[in-house]
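A lone chain, given as structure tokens: the form predicted on its own.
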Amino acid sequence: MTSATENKNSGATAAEARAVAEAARETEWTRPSFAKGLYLGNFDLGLIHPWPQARDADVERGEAFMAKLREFCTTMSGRVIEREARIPDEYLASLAELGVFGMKIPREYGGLGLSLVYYGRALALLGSVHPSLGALISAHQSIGVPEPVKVFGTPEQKQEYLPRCARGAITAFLLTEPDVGSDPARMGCTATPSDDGESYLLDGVKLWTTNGVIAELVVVMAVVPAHANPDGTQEKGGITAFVVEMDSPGITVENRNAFMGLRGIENGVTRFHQVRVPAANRLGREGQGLKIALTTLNTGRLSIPGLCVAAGKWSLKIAREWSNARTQWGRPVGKHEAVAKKIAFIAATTFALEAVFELSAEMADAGQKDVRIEAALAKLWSTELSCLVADELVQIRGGRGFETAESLEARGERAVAAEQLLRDLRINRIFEGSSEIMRLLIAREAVDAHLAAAGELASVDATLQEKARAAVGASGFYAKWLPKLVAGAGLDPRSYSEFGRLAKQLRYVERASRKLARQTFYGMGRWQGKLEYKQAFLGRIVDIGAELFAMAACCSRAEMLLRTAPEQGAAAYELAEAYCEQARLRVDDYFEKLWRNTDDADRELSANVLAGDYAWLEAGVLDQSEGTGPWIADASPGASSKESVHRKYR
């Protein structure tokens, strides 16, 4: 039996890995994208302003559900989840009864059919009880069985699985492996078709399977080898998606993993040994699995920004209350400028977190825009900024910010779990695509127009003759495009006047968008095919676009609130302006560091570290992890005799 780590895909070259990822990428843009335009110097405010409006029926249904959910959430205790490191079965049963597991599932299949906006708000509310609840529901509904079946499933599969999921059959999404993270070309899990074509035999190991410990159904990504069909035709195989029943013979959940945060999460290691999966359980075609996974993640990523909104709102509440109550040197700590700046950052960023999530979700619900980049930016930016917010809250709370809620309560103080928030949020910068991978994915879309125009100029393997021919074609594109980046509405002091005091912020966004496009062009011209290796440069390009997107979202939301909720409008303008002023400093810094940085020196230093040149610097400490061996000695299917820890809550 071939082990998961010995699969032929484990030795995939860099070129092969890029080819697999590129083949799964959505390349068509049939609908407009506001964020994509930002990277091309096209600031089209009309795509996000006026603020997209939800349908009355969606709002009415969403508000009615939120009222019931809010009432139930008051009966749950996050302290119980944190202390017991598990979500009680009675919580899960009640959530299923409320319909929480079917929030995004269409009503014709027994779900609630909520919009993405209300789904995100519900996640935020659940996450404020304990983030493990948000992780559970998000892993089940955003990336688990319901979403890929809803989008890619056959009518029979939808009828089979969606009602079960809506009733509370918990699901999971299994992609990552012990040796495979963001490089699917090296996937070792295999699904070998039977001779009669009626089933597949699944073998391999999946790591970090969120919900896997209690799941009833899972989506598994596995490599189908090239093979002949019963009729003699040939299939190329490739990464393929399957819906798998977790009570199938041959499945072992070997470990319930423990982490620095999300103590209630049911995350494990799942082994498949000769697990027979009916061919009817295959989602889509053979070889379509990675595209299914990436498409699912496109919308699934919006769940995490919703949870980040909850973190911001709670941090703001605690910071305000504590900074008013705590007195130092004769006045509340919030009156001291050092703390006041932190409070201002938390308040402005919380407003921006909500604006970015709500705008992205509203656009996704409307279905008229392509929000692939918006969703990716929202995930990347929200997870980074919310961690900074939580860190500032801990600092404001001082020693009490570092102390656990249980310890605070034991000595008679308010049980504020600030340190828990910091621990729980940290995984969001890794979940569903780490920040580093997200920057590369977004950068690929941001420079797509340049790559298409450059052709062989962007290839490191092209000959000089091929590059010369490509240069002729590229010159035509840039001759038309570059002049558009010289001037725009951002230079006209009358532009965006309907936004009042925020008009200057939008003019800045417009100017910065054109500057961003020019800087990307300069990078393309300087490095050509080697641009893909300039990950620090591309990361700053992406971060600039993320901040510009957040600034525009803040301005649009503030203007909307001024029209629809005048009692909040003036305050919203203040918060939007504060965020924009803070963001401008970061954007200016990113622009400067595009060309003035230590990237080359850092890369050389890192190479020396990896070569062991500075191993002497590590002397003087003990490493007690040495000698414990890898987390799993043999990743081959059937190698373990461990008892399954799979748990059923019903």
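Small disclaimer: the values here were computed from a predicted structure and weren't measured. When you see a residue number, it is the position in the sequence shown, counting from 1.
Unshown form predicted in complex with a small molecule; subsequent notes refer to it.
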Quiz item: Taking I81, Y91 and E406 as a possible spot, do all three reach the small molecule in the predicted bound form with a heavy atom inside 4.5 Å?
Solution: no
Self-check item: in the predicted bound form, the one of C554, I265, A191, A215 near the small molecule [non-hydrogen atom within 4.5 angstroms]
Solution: I265
Quiz item: So which of F357, F173, F549, F101 gets a non-hydrogen atom within 4.5 Å of the small molecule in the predicted bound form?
Solution: F173
Practice problem: Work out which of the listed stretches, 276-284, 428-436, 145-153, 386-394, brings a heavy atom within 4.5 angstroms of the small molecule in the predicted bound form. | Solution: 428-436
Quiz item: Should Y533 be counted as a contact of the small molecule in the predicted bound form, where contact means heavy atoms within 4.5 Å?
Solution: no
Quiz item: Would T209 count as a contact of the small molecule in the predicted bound form, using a 4.5 angstroms cut-off between non-hydrogen atoms?
Solution: yes
Quiz item: Even though the small molecule is not shown here, does I343 get within 4.5 Å of it in the predicted bound form, heavy atoms only?
Solution: no
Quiz item: Are any of the heavy atoms in L440 no more than 4.5 Å from a heavy atom of the small molecule in the predicted bound form?
Solution: yes
